[in-house]
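Given as structure tokens, the chain that follows is alone and in the form predicted alone.
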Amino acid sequence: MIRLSKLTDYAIVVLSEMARQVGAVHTVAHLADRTGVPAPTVAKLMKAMTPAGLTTSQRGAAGGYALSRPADAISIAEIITALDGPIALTACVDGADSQCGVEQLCPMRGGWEKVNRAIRNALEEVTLADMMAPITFPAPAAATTSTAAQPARPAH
């Protein structure tokens, strides 16, 4: 199963909260209170996302963190990469931290890169703003009744 880390999930929640108040500076305590993510975790997220260019930090009494750009300009791939490193499904794809012990003999060498690239491209197309958009479900089909299916009324 392909699964994102809990930290990445929390990051999307925290960044979404920041995006709801465009241009505002947020403290760690404020973000923790608004999202339910523990303050130490929010602080850890900010320490990872600021060097990655997703947030900016401001020191001082009115300091805190702000998004570095609008939510529609931040991809989910950027968030994942900032927290979990390069998107890599197996050890033999570009960006993977470890090397496969049988890479030279593997008939799949290079094949997984196609899958990895497709997933990376899909994640680059989804923005933080997309994640914040409400989900709309189609309305259930209206029940139609046919007059032919109804029993005939006797004439009086």
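Since the model is a prediction, treat every value here as computed from it, not as a measurement. Position 1 is the first residue in the sequence shown; the rest follow in order.
The discussion below concerns the form predicted together with the DNA, not included here.
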Q) Which listed residue (34, 69, 44, 117) meets the criterion of a heavy atom within 4.5 Å of the DNA in the model of the complex? A) 44
Q. With a 4.5 Å heavy atom cut-off, would you call residue 28 a contact of the DNA in the model of the complex?
A. yes
Q: Would you check, heavy atoms only and a 4.5 Å threshold, whether residue 121 touches the DNA in the model of the complex?
A: no
Q: Would you give me the residues of 29 to 62 that have any heavy atom within 4.5 Å of the DNA in the model of the complex, in order from first to last?
A: 38, 40, 41, 44, 47, 50, 57, 58, 59, 60, 61, 62
